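In the block that follows, a single chain appears as C-alpha cells, in the form predicted on its own.
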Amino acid sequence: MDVELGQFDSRGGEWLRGEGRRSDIVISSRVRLARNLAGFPFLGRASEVQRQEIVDRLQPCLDHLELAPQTFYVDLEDTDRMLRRFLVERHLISRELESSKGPRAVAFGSDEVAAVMVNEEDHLRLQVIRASLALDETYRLASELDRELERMVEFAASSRFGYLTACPTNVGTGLRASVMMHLPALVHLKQIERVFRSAQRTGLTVRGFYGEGTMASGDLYQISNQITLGKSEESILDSLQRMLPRILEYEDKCRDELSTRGRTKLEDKCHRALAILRAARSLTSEEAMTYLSAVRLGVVMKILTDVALPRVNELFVLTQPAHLQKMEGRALEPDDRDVRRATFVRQTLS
C-alpha cells in the first residue's frame, strides 16, 4: 500500500531502541540479501520497459509480505527528492537507489525492521535491521523473508556459483552482514586505525554511518563482510562474529583508560556536550553528531543519568536534513536547518 510518512517524523525505527546485547557499543545489526529475477537482464542492461516490468512483477509480491503489523510501499520514481532523502536517512533505502533514475520502489514494515528495495543495483535488495548485537536473529528473519519471496518468484541462480548478482563480489550467497558500532573512545585515543587494519586482515570492511562511500559521523562505524563468492552464509556470519569481540574489547579498554586516567576530563566533555545541545540556537549536522556522540558515551558510562539512550540514538537520525525539513513541512536553507535542528534538540533533551 502507499504511505503517508508523517507518523515517522519524530520517532526512530525499532533498531534504534537502545536495548539488547552490547547495546552500549552496538547500535544495530543488519543483514542484506541481493537477488535478481530469472528471465530478466541485470539492471545495467535492462531497458526502461524491462525495469518497469520488474517493478510491476514484484509489487503484488511485496504487498503480500507481512513485514510488520503494516507494510508500506513507496513508488520512488513518483516521489520528490526530499522524501527519498528522508528514506535514506532512516536507512530504508540506499543512497544509490535514491539518486538513480527510472522505475524503482521500496516496501518496508511500520517498525522498519525489514525493507525490500526494487531496482537498486540488483532487482531486489532484502534488508533486515535489528537493535544491538543480534546477527543470528537478524539473519533468521532475512532468510524467512527470502524464502517467502522465492515461493512467489524465481531468482536467477547457478548450480555452480549460487545466486547471480550484478556485482561479482555479491555472487554466491548475495549476503552482506554488518553491525553499526559507536566507537568514541577508540577515536579519541587515536586507536581506530587498529580496527581498520584488523578488519581488513580478516576480509571485513569498515564504512561510515550510511554505508559504502560515506565518512564516519558521530563516531559511528559499520563493519561488514566484503566478499560472498565461495563462502557459505554461516562462514560469512562466523567471520564477522569472530571479529566483533576484539573490537568490543578494544573499545572497552579505551573507555576504561579514559575513565581511569582522566575521569574529570571525560565527565567535563560529556556534560559540556549535553549543555551545548540543551542551549544552542544553531547546530550544524556535524556539530550535532559530534555532541550526540559525547552524550551517548556519557549515558552508557553512567556519567549522564537524566538522558534516555533510545532518544539519543534517535537523534542521530532525526536531526538529519531531510527529517528537519519534513517536520517543518517545507524546504529549508542550510542556516535555517541549523536553527531548526537546534530547536528540535533543545526541546527533545530539555
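Numbers for residues come from their place in the sequence shown, where the first is 1. Note that the structure is predicted; figures quoted are calculated from it, not measured.
FYI, the form predicted in complex with a further copy of the same chain isn't displayed, but the following is about it.
Heavy atoms within 4.5 Å of a further copy of the same chain in the predicted bound form map, among the stretches 270-278, 163-171, 135-143, 115-123, onto 270-278 alone. Taken together, the three residues Ser47, Phe86 and Ser99 all stay farther than 4.5 Å from a further copy of the same chain in the predicted bound form, as judged by their closest heavy atom. With the partner omitted here, the residue from Lys190, Arg201, Arg147, Lys265 that has a non-hydrogen atom within 4.5 angstroms of a further copy of the same chain in the predicted bound form is Lys265. Comment: a further copy of the same chain is not present in this chain, but in the predicted bound form one of Val312, Ala294, Leu33, Leu283 has a heavy atom within 4.5 Å of it, namely Leu283. Among heavy atoms of Ala331, none comes within 4.5 Å of a further copy of the same chain in the predicted bound form. When contacts are judged by a 4.5 Å heavy atom cut-off, Val339 counts as touching a further copy of the same chain in the predicted bound form.
Residues of 122-138 placing a heavy atom within 4.5 Å of a further copy of the same chain in the predicted bound form: none.
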